[in-house]
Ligand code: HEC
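First, one chain by itself: the form predicted on its own, in structure tokens.
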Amino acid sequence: MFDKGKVIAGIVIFFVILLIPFWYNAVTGKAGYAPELKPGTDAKECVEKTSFMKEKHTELLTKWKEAVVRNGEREYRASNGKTYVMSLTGTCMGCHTNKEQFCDRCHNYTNVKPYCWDCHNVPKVVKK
């Protein structure tokens, strides 16, 4: 093999470039960073468990939208048996009162651009 040195150098450069993000996270300590969300209420529970809401709130809101708009259904029975009104601004924003402190922090961190607010009005934050 005539270019053995070039091949080895190329492999080394490839792995250095591949591992830069891991080294960066290890040095800066940002690998475990997650935004601090402020619910804006003292409520102890949401319509579903926190783990479910963190992972699948978009699916739940999509189901709510379909149920309300297409089927005229207005009530949601949660897994704990309680009934809630299917309303983003009424039910969800009743507890999560500050969109910037709750919704936007996580959506900005994950670079997600939800279309909820294309139709819904952003509730005004009440200063305490």
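When you see a residue number, it is the position in the sequence shown, counting from 1. All of these numbers come straight from a predicted model, not from anything done at the bench.
If you look for the form predicted in complex with heme C (HEC), you will not find it shown, but the lines that follow are about it.
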Although heme C (HEC) is absent from this view, report whether Val112 comes within 4.5 Å of it in the predicted bound form, heavy atoms only. yes
Answer for Arg77 alone: is it within 4.5 Å of heme C (HEC) in the predicted bound form, judged on heavy atom distances? no
I'd like to know whether Glu45 contacts heme C (HEC) in the predicted bound form, with contact meaning heavy atoms within 4.5 angstroms. yes
Verify the contact flag for Thr58: yes if a non-hydrogen atom of it lies within 4.5 Å of a non-hydrogen atom of heme C (HEC) in the predicted bound form, no if not. yes
What residues of 6 to 22, in sequence order, lie within 4.5 Å of heme C (HEC) in the predicted bound form by heavy atom? none
